[in-house]
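Quick heads-up: it's one chain on its own, the form predicted alone, in structure tokens.
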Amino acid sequence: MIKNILLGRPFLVVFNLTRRCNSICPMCSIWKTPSKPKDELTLEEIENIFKDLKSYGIKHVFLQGGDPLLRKDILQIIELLIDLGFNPTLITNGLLLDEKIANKIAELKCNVSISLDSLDEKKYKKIRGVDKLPHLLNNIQKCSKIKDKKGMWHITSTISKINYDEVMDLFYFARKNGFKFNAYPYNYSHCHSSAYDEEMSYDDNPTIIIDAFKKLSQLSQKEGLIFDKLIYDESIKYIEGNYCAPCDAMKRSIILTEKGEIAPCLEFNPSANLKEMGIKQALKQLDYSKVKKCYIETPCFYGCTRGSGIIIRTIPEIFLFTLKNPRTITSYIRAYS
């Protein structure tokens, strides 16, 4: 992985296991064209592809969708990736994360990110399109009681005009239940995977969202959460329209679809298929100039294409923090090494 970082090659693959979803979020368009199980990669195909990805130096994998828990073989997939030497993070809306499957995942070295955008039932329904907040909160409460989780478990929120006033409530809810907390601003680009929603959009008044992320940044600094602070500070720059850092799509991360195709990021049409060729050959068919044009003309702020690059570009700051706070950094090293 270090070699990939030095050479500017991807070390993270965002694997969209399925386009099937049990939410109908207005900020997303993936659920509108669900995949069929027969068209999704088999366990054998996943193994072959990820062996090739490993040989290329890719270490981390986000498992998402749609919702990855809709795949009946999700536990087998996680176990396979761990056995191959990958560091998986499961990203889910949490609606299927019942006590049984949560306990099984907790036994594996797999990080988990549960999407929770509001503690208010009406707001949750607006953001996620389904009236299932009580069910989700019940699942989260059961997950909170699981002891000795081997991975790092997060609650992640997408902050928009609907829920900007809940950021502190969401942060403390996560902490109360033993979760780390992450937040990203609602954003959209070409709407290949994202979607524009007027109720969520803050284009006409970004100040309210900026203030929300300033609160998170200040709290993170106070709590010694260096990685979170870095992300929130960059989020503020993005919302203010001052974000001009190169996009890390193709340089730090790539998308792998449920069919085995790859793309620079969620907002690009997939092209080369890893069932037919190796990752080295497939990457040669992707055009970074299109990514560059995208981040100049229609910048976005997805965690997969921004988070990894931000961390790498701020290594000196992180190093100094580590010297002063060695204990704080230990949990992150265990989870993501």
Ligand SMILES: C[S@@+](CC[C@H](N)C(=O)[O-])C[C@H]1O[C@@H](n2cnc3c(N)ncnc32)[C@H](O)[C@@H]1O
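Every value quoted in this text rests on a predicted model; they were computed, and no experiment measured them. Numbering starts at 1 and follows the sequence shown.
Omitted from view is the form predicted in complex with the ligand, to which the following refers.
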| property | result |
| --- | --- |
| The ligand contact at I58 in the predicted bound form, heavy atom, 4.5 Å | no |
| The ligand contact at Y186 in the predicted bound form, heavy atom, 4.5 Å | yes |
| Contact of M27 with the ligand in the predicted bound form (heavy atom, 4.5 Å) | yes |
| The ligand contact at Y302 in the predicted bound form, heavy atom, 4.5 Å | yes |
| The single option of I91, C143, I239, L230 touching the ligand in the predicted bound form, heavy atom within 4.5 Å | I91 |
| Interface residue in the predicted bound form among N139, S118, S194, S217, criterion: non-hydrogen atom within 4.5 angstroms of the ligand | S194 |
| Segment that reaches the ligand in the predicted bound form - one of 307-315, 269-277, 59-67, 45-53, heavy atoms within 4.5 Å | 59-67 |
